[in-house]
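Consider the single chain below, provided in structure tokens and representing the form predicted alone.
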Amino acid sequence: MLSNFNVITLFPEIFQKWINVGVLSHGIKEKLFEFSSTNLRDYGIGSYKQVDDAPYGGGPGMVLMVEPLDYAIKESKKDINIFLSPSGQQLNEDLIQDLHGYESANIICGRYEGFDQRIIEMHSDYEIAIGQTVVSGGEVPAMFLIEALVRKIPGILGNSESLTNESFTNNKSDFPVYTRPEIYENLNVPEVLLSGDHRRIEEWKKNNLKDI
């Protein structure tokens, strides 16, 4: 079970409040998983701690240099190295299950125009994309990936049934949910959910799952 995460990033401060919220905070306090971060700038080159440079062949933007990344990855040895990249494999529940075959992972966040390809060739076990779109860096995708992984760890969720009934399980989306009040702006909660008839309720839930 993958339960030891280290994020390699230029902005480790982004993760400080996030890791102390909700199920993540619970998991850390109960020692159900471990989280750390590595500041890539600490491995920068020269007195200015350079981590990026212009691309060979020209083009816009800057590229993360191979040397600082190589040093940072070697310093934080984990079972696998995951690079977050829009050109990577699309994240889904099958991939989450594959990743849980390991115990520890470095999650490497890109910035600017991406990584020098040589660091991918040297260290990448997985390249993963979070959706078919581009954001400014890998930090938000790293949070997304870690939350998707952490919630599968036994004891993290208050009710383990949540894992069997949530969206994307068995290629289905979750059924609609309702809470009080029973009527709002002339919109009613379905009568069956108020009936107390558990057989009918379970049948309604099953019938309202949608194929993905």
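One rule holds for the numbers: they count along the sequence shown, beginning at 1. Note that the coordinates shown come from a computational prediction; the quantities given were computed from them, not determined experimentally.
Below, we turn to the form predicted in complex with a small molecule, even though it does not appear here.
Residue 73 versus the small molecule, in the model of the complex: is there a non-hydrogen atom within 4.5 Å? Close contact is absent here: in the model of the complex, residue 73 is far from the small molecule, nothing within 4.5 Å, heavy atoms only.
Please run the contact check for residue 80 against the small molecule in the model of the complex: heavy atoms, 4.5 angstroms, yes or no? Heavy-atom contact with the small molecule at 4.5 Å: absent for residue 80.
At the 4.5 Å heavy atom threshold, is residue 85 in contact with the small molecule in the model of the complex? Residue 85 belongs to the contact set for the small molecule.
Within 4.5 Å, heavy atoms only: does residue 99 come near the small molecule in the model of the complex? No, no contact at 4.5 Å.
Candidate spot 14, 35 and 40, all three touching the small molecule in the model of the complex (heavy atom, 4.5 Å): No residue of the spot touches the small molecule in the model of the complex.
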